[in-house]
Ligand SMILES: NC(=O)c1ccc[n+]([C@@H]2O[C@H](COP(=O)([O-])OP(=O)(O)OC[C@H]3O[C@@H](n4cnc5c(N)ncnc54)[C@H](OP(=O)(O)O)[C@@H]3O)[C@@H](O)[C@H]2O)c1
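Take a look at this one chain, the form predicted alone, written out in structure tokens.
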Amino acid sequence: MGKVYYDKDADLKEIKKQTIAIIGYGIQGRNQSLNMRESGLNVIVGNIDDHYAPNAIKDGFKLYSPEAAAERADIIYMLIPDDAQGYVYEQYIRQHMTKGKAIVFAHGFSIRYGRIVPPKDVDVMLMAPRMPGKQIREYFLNGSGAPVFIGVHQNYTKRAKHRVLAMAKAIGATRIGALEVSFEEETEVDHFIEHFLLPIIVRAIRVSYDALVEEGYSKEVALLETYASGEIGELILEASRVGLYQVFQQNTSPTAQFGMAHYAEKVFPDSNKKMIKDILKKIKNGEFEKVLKKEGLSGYKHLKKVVKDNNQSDLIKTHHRLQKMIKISGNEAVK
């Protein structure tokens, strides 16, 4: 197991006089930038002229093109989509990766699969928060933080770990804990969750909803019971605090617990481990990376079709209707 670092292990002075360029002012970029600035760091933003750019100006940041930001920065933090990083790096950033600088990634993808190969005389670090940007910001403002993975791929200055720990402290992560991992482990495990666990959860909800409706149950009841009430989400959140099994032991009836125990192996047999190993194999050998690259070159043709179909589904139409009927806490975030 990797070492866990906390506030006492990190010193903002390591990078206090350095300029951090956030490349990409999207979901992660905006929230991490605000946290870093409020921690006293010098943050600038590198972003193309898209719908995110005005947000950086509105928030009071100096906005540059990715190239101009990289030129001015001591630390370059890549917060744009994985599939775009290689192109952006080669076009705008590589020529500005001068001796002693650092490049930081929020996901190990580009380094793990060789899409980006930094020069040997720079630091290369990983800082991968385990929460969406909104929660990173909210937890920070509430005096807490989101946990983060950190790692060092290249340590040219001999201060790489100190630099990335300072960044983790600046976004509030070391209040909770920064777990040291390799680029490879972070990338492969993260992909596995996206390729296996999340599809199972989302697909199970959709299939359950469709089956209940087909059997004559009302759409609103089916949706509220499968996920829209937020009950399952709250239980999973509590599980992160007390344990996966303990949360059900402490918060559900014996009837519910027995139902889960009786059907668990039937609905998800151990034979699925064969599928798990096959998914991991495709992640490790680069097969998925090749498929992703092909999809990116097509303009995400398949993904756009899936998104369109999902957004037009009866499940989503029912969700919008249910929102008007029941005031679910936080439902204003679902559009």
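Residue positions are given as counts along the sequence shown, with the first one as 1. None of these values were measured; they are calculated from a predicted model.
There is another form of this protein, the form predicted together with the ligand, and it is not shown here; the text below is about that form.
Only one of 146, 79, 103, 228 has a non-hydrogen atom within 4.5 angstroms of the ligand in the model of the complex; which is it? Comparing distances to the ligand in the model of the complex, the residue within 4.5 Å is 79.
Position in contact with the ligand when the complex is considered in the model of the complex, options 224, 176, 152, 88, heavy atoms within 4.5 Å: Looking at 224, 176, 152, 88 one by one, just 88 meets the 4.5 Å heavy-atom criterion.
Counting only non-hydrogen atoms, which stretch in 235-243, 261-269, 125-133, 158-166 is within 4.5 Å of the ligand in the model of the complex? Looking at the other structure, the answer is 125-133.
Would residue 84 sit within 4.5 Å of the ligand in the model of the complex, counting heavy atoms only? Within the cut-off, so yes.
Looking in the model of the complex, any heavy atom of residue 50 within 4.5 Å of the ligand? Residue 50: contacts the ligand in the model of the complex.
Is there a non-hydrogen atom of residue 307 within 4.5 angstroms of a non-hydrogen atom of the ligand in the model of the complex? Residue 307 lies outside the contact set for the ligand.
Answer with yes or no whether residue 26 is in contact with the ligand in the model of the complex, where contact means some heavy atom within 4.5 Å. Result yes; residue 26 sits at the interface with the ligand in the model of the complex.
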